[in-house]
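Only one chain is shown below, in structure tokens, and it's the form predicted on its own.
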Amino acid sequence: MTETFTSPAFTPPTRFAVPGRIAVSEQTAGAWQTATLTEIRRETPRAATFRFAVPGWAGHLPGQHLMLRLTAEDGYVAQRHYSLASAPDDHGHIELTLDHVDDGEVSGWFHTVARTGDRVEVRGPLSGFFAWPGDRPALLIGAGSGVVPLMSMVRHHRARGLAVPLRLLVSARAPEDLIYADEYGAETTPLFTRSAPEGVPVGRLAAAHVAPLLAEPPPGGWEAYVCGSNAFAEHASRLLVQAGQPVERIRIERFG
């Protein structure tokens, strides 16, 4: 997911030097742990998934995030919050999917410098507000890299073979910008805002897209999860309320 706050201008060195490994006994949600980069997968021209080995990772709920820390050779430290893309059952490993943000010091390092074997520090999981434990029907709406925490929910749903209903609407500028394009199934409705395959309408998220998602609600109704930019989150949540979704059952995570 994209970086969630800004920091002073910074030019990353050739490599970040991370302090020594942390003892397993200290590896809790409140302690920093060493994460070793094991794989880089290209998702779109501007987004990639980075897989890490974290032997002492305590696990997480779909929708949670972590804090990531890089330390430069001169001692400068950069920290960012990133959503977890991996399902909780991926023991000892976590995945982050990062946009290459213009002038982003951390995302820039990952996309231009990072190599397998590099080490970073992570702390988490953090926040339970946006987490989905898999025990209630989930209606997921995301745009761009806002789909990252939602994909953790989809992967969890599939890995556990959950019977609880789940629906995902994901918005992207064009098919080539659709993160995780090869993973979507019948639960997913893609929406393209600038260009689309022949015969597929192009347009911004509208009431006509939201209404079918809320049709024939399951027993107990939907718990809605919305993730994207500030503008998208406000727009999507407003459409949900207009379509009848109770406002107290809409969870929003914003980035920017």
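Predicted model, so just to flag it, every value in this text is computed and none were measured. All residue numbers are counted from 1 along the displayed sequence.
Beyond the structure shown, there is the form predicted together with a small molecule, which is absent from this document and is the topic of what follows.
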Contact label in the predicted complex: Val101 to the small molecule, heavy atom within 4.5 Å: yes
Contact test in the predicted complex: Ala172 vs the small molecule, heavy atoms, 4.5 Å: no
Contact of Ile141 with the small molecule in the predicted complex (heavy atom, 4.5 Å): no
Asp177: touches the small molecule in the predicted complex, heavy atom cutoff 4.5 angstroms: no
The single option of His81, Arg136, Arg158, Arg123 touching the small molecule in the predicted complex, heavy atom within 4.5 Å: His81
Residue among Ala87, Leu166, Ala114, Val106 with a heavy atom within 4.5 Å of the small molecule in the predicted complex: Val106
Region of this chain that lies against the small molecule in the predicted complex, out of 90 to 98, 150 to 158, 114 to 122, 182 to 190 [heavy atom, 4.5 Å]: 90 to 98
